[in-house]
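Okay, here we've got a single chain as structure tokens, the form predicted alone, with questions on binding and movement later.
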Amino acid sequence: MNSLFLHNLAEQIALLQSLQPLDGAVAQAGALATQSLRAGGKLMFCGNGGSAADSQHLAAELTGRFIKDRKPLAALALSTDSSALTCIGNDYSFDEVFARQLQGLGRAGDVLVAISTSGNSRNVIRAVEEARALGMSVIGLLGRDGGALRDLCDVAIVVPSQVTARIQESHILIGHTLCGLIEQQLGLV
């Protein structure tokens, strides 16, 4: 194959076909998120780089609209407040940028969606540790072998690839599926 696009497409198709065993974990994550929202909780997302962008994207699908017009759902990305990120990063450490926000915003019954293509991002690990201390549930959208985060999550959804771009592409499919499951289970579609 000489075309980079066709190479990437073939790689993604093969990876997508390997994700079928994740169906149960995705369904479990959808049920966990729905249960929290139904009980008045909120979903908080965190990640770095492309995973931060995915966090924003998925939170927006819930507060805005995904499949059809409906009431907004309580969701936010912890990567969006540049003042909080730089203050916490400067005054504490970058490892604390998500955990510190959770201390102020998170409550028992809320859900953290931790996104990391490696599963080893220190600030995401700290966020998960803090979420668990607060009594929050944790869904991990992870890659590779799940890294250190795999065993820290209530539901770990691990995309089995070594290629960051393919993991991210799969994460957005899984994230969109979670949004659809939430709307479906809340009777909004």
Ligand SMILES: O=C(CO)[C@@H](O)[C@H](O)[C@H](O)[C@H](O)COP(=O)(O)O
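From 1 onward, residues are counted along the sequence shown. Here the structure is a predicted model, which is why all the values come from computation and not from measurement.
Beyond the structure shown, there is the form predicted together with the named molecule, which is absent from this document and is the topic of what follows.
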query: Stretch in contact, per heavy atom within 4.5 angstroms of the named molecule in the model of the complex, of 58-66, 37-45, 22-30, 117-125; finding: 117-125
query: Non-hydrogen atom contact Q168 with the named molecule in the model of the complex at 4.5 angstroms; finding: yes
query: Contact flag, P160 vs the named molecule in the model of the complex, heavy atom cut 4.5 Å; finding: no
query: Contacts with the named molecule in the model of the complex - residues in 16-31 whose heavy atoms fall within 4.5 Å; finding: none
